[in-house]
Structures are given as C-alpha cells and as structure tokens.
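The chain that follows stands alone, in the form predicted on its own, written as structure tokens.
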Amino acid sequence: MWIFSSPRIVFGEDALNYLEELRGRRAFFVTDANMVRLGFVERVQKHLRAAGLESAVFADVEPEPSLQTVRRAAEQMAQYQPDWVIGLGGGSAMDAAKAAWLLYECPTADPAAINPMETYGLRQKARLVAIPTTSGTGSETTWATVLTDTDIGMKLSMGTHELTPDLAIVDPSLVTSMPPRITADTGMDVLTHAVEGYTSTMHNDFSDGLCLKATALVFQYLPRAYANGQDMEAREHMHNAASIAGLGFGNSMAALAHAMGHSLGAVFHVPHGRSVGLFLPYVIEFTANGGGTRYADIAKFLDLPAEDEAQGAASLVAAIRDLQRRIDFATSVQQLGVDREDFEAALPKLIANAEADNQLFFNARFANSEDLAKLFMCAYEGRSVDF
C-alpha cells in the first residue's frame, strides 16, 4: 500500500491573492533575512492583513538549516501560538518551517528522528502554507524535510506524510529576481528530482507522469530562464516544474544522486541543487551499467535516441551534460574549486554520509562502499563511469 500526498496547490499569476481566503487569527513566518530585505515578507503580510490575520516573523533560517535553528523557531512559535505557519523562501525555509511546525504541535518529538512510522497528531494547533521563492526543491509539495546536524557534519533526510503542506502557493512573480546561478542550481535540482523519481525502486503509476512532465519542462525552459530572468513564460513553467517534480519524487523517492549530493553538501558546503545535479549523470551511468533501468523511457519521452536501454541512458546523459554546459553548470567536483587533497581526505566521511542516507536504498542499482568511492572519484575528475 502507498499513499499519494498532495497539498492544495494554487499556481500561476496572482496566486498570492489566494492568501486572502485564509481564516484565522495569527500567522507565523519561518523564513530568512533576505526575504525580509527583498520585501517578500511584506508582500505576503499584505494579503494576510486583508484576511484579518496578524503575523510574527522568524527570519533566522540559514542555508541547509540546522536542528538548532529549527528548535529556536519552534520555541518562538510556541510563544506566539499561531494557527497558520508559513514557510516562505527556498527549500531551506520551507524544510525548517515543516520541522518547527512539528515541534510546535508535538514538543516532545525529536527533530533528528522524524519518520513516517510515527504519528505526531499535527494540525491540532495550526496548518502549514508553503510559498517557494525559488524553482527547485519542490518542498512545497512534499512531506520531506532535510536538516543538518552541525555537531556531526551530516544532512538528515527525513519525513512523514503529516508534514505535507496544507496549501502551496506557486506564484511565478516571486522568482523573477533569482540570479542566473541560483536559477541553474535550482533547475538542476528539479531535473534530478524528476529523473530519480521516475527511476527509483518506489516509482509508481501515480508519480510516473508527473516526473516525465517535469523532466520535459526543465529541458525546454531552464535555458531560457537562465538566459533571461524576465522571461515570464519560462519562469512560470520552471516554477510549475519544481512543484510537479516535488509531487512526483515525493510520492516515489529520490535515489543515489541525492545520497551523494547530501553528503557532498554537508562536508564541503555545496548548495543542494548544485551537488545533486552534478552527480546525476554519473549515477545514471553507474545504474545503467547494472541493467534493468528505465532511462530509455525518459529518453523516448524527450525524443532522444533510445533503441535499447543502453542507448537511451547514454542519450539522456549526453542531453543532461549538454544542458549543464548551456547553463554554465559544473560537471565535476574539481570545477567547484574543491582541492583534490582535501577531497581525498574527506572521502571516508563522504562515503559514510552517503551510506547513512536513506535515499541510497531506493536506487535501482545498489552502491556499496567500494562503488561509492569510485563514483565520488569519477565525479571529482569528470570521468565517465565504466563499472
């Protein structure tokens, strides 16, 4: 048995106006300082005031949010007693909002051990609105949260269906100011979600079509959004693609590129989309070498050569690397500026982190410690995977 989870999604031009339909007394923002500085918090507050809601703001979320930050947000939330929690920003803000909301509802919970086997009894105090200001993580449509344990230098990928937001506001006007570098990073995050969601061992009929559609949208619109941030057609389709891919992989699973990306990001502080997107073609090559994969399906959907699975996988890898070049995206860890000596010294930690990441187990071909060591080095040097 599997459960398909989805929030109510309001998307397109003027989607923010829907906030005026909310009913309640208080809203609590979980966001970052940039959202305040850029005026995004005030834009949302304007609609909340029209709905008769007052609000308070926690704006201390950092990139790759820590357990400590989540606990501080939950403490302030408990003092304010909101009936709406609003995660505003990129994936970091939305993930922090989810975890802080869970602690607000269930103060005895351990945020480092959130899992789908527990019952937390959420929505007794508040409901959750997710408003993305980047087109990447899809956190607005998933039940996952990724936090960082700074004490051990490791990302924790967790979740429970109860964390699915009640409402996702997908308004393209919030992403027009994204700089090209963030557009590229978040766009590759979307692609990795879609490809891994379609090819993970938990793929299913409900998620497949979403993942294929999101994949096609990225190839068509990411180069345009990267080249011209004011291209509203491209921005809107990429913003939709992020949420669609979130629904797709959130109702199947991600896989090995995420396990490796989480590991690299925690050790070398590489942004999430940049790290998982970098590993994606290497993971496709590794997985396809083991046979029994679904990459030819994706290649056919994109009108790429795919006479058989091997050709389809190779075509897909070539298309991804061409896309990466078009958006000036790093294709090796070395290109990120990571020193080789530092990378090799960190290799045991990188492998251990990846092995502890639950996404590892949903890859169609399992990677053991030896495989991971080789894969990390291939990705560092930019070598194709031949094993």
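Heads up: residue numbers just count along the shown sequence, starting at 1. Here the structure is a predicted model, which means the values were calculated and not measured.
Keep in mind that the form predicted in complex with a small molecule is missing from the display, and what follows is about it.
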With a 4.5 Å heavy atom cut-off to the small molecule in the model of the complex, the contacting stretch among 342-350, 41-49, 56-64, 314-322 is 56-64
May I ask whether 34, 177 and 186 each come within 4.5 Å of the small molecule in the model of the complex, counting any non-hydrogen atom? yes
Check residue 252 for me: does it contact the small molecule in the model of the complex (non-hydrogen atoms, 4.5 angstroms)?
no
Does residue 144 make contact with the small molecule in the model of the complex, using a 4.5 Å heavy atom cut-off?
yes
Although the small molecule is absent from this view, report whether residue 90 comes within 4.5 Å of it in the model of the complex, heavy atoms only. yes
Requested in this report: With heavy atoms only and a cut-off of 4.5 Å, decide whether residue 196 touches the small molecule in the model of the complex.
Outcome: no
None of 160, 200, 207, 133 but one has a heavy atom within 4.5 Å of the small molecule in the model of the complex; the exception is 133
